[in-house]
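Take a look at this single chain, the form predicted on its own, given in structure tokens.
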């Protein structure tokens, strides 16, 4: 009995390793119009706390679309909308405070949006995304570093493409000046976006 269990465990381990070995980044044609998949996309941020640490947060509901023309990347477009109520910092009271009038003021400004004005990508998938970010009722130009992760077919007959975009903003530029002596002005942002070709 013990010997049988041992062989079953080895077989399961080998199967798991085989599955892990099968994972690869897809390198298909990223061209097309893609609808953002909210189940596989997230907006994350990190902000300094009391000058001794950083704490993270995220927005779990992202919608929007992006277009990709591999031969004419200057025509690419990105449009993203994030409902503020999808905020999660892993602590309910902090979520409530951040959504309140001292910070995001989600009641008055229920969503954050981004609309691109230019996209630049080189042949390796590295580049820059520039556009208008509207947050807390204020619109500012923001520049992201951009990385294409991959593109290719999914197991359900669809075709997917994904990117990571990173930037740093100052919350005071968007009118959020509360407690700047305890919570950093500088906020690091990362968008992980996966879209399904339409």
Partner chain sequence: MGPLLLSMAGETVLWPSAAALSVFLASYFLRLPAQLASALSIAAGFFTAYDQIYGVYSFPPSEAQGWIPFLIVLNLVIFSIDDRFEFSSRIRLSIQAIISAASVLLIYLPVLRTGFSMPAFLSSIALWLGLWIAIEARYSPALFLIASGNAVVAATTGSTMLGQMGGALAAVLGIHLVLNLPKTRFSLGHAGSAVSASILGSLMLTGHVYAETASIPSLMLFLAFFGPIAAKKLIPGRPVLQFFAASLISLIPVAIASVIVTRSYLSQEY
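Source: prediction; values computed, not measured. Numbering follows the first chain given and starts at 1.
Below: the form predicted together with its partner chain, not depicted.
Taking the partner from elsewhere, no residue among 59, 145 and 148 has a non-hydrogen atom within 4.5 angstroms of its partner chain in the predicted bound form. Here is the short version: of 97, 88, 122, 128, the single residue with a heavy atom within 4.5 Å of its partner chain in the predicted bound form is 97. Taking the partner from the other structure, its partner chain in the predicted bound form has no heavy atom within 4.5 Å of any heavy atom of residue 25.
Although the partner is absent from this view, residue 50 contacts its partner chain in the predicted bound form, with a non-hydrogen atom inside 4.5 angstroms. Looking at residue 116, you'd find every heavy atom of it more than 4.5 angstroms from its partner chain in the predicted bound form. Proximity of residue 111 to its partner chain in the predicted bound form: non-hydrogen atoms within 4.5 Å are absent; the residue sits far from the partner. Along 122-154, a non-hydrogen atom within 4.5 Å of its partner chain in the predicted bound form is carried only by 136.
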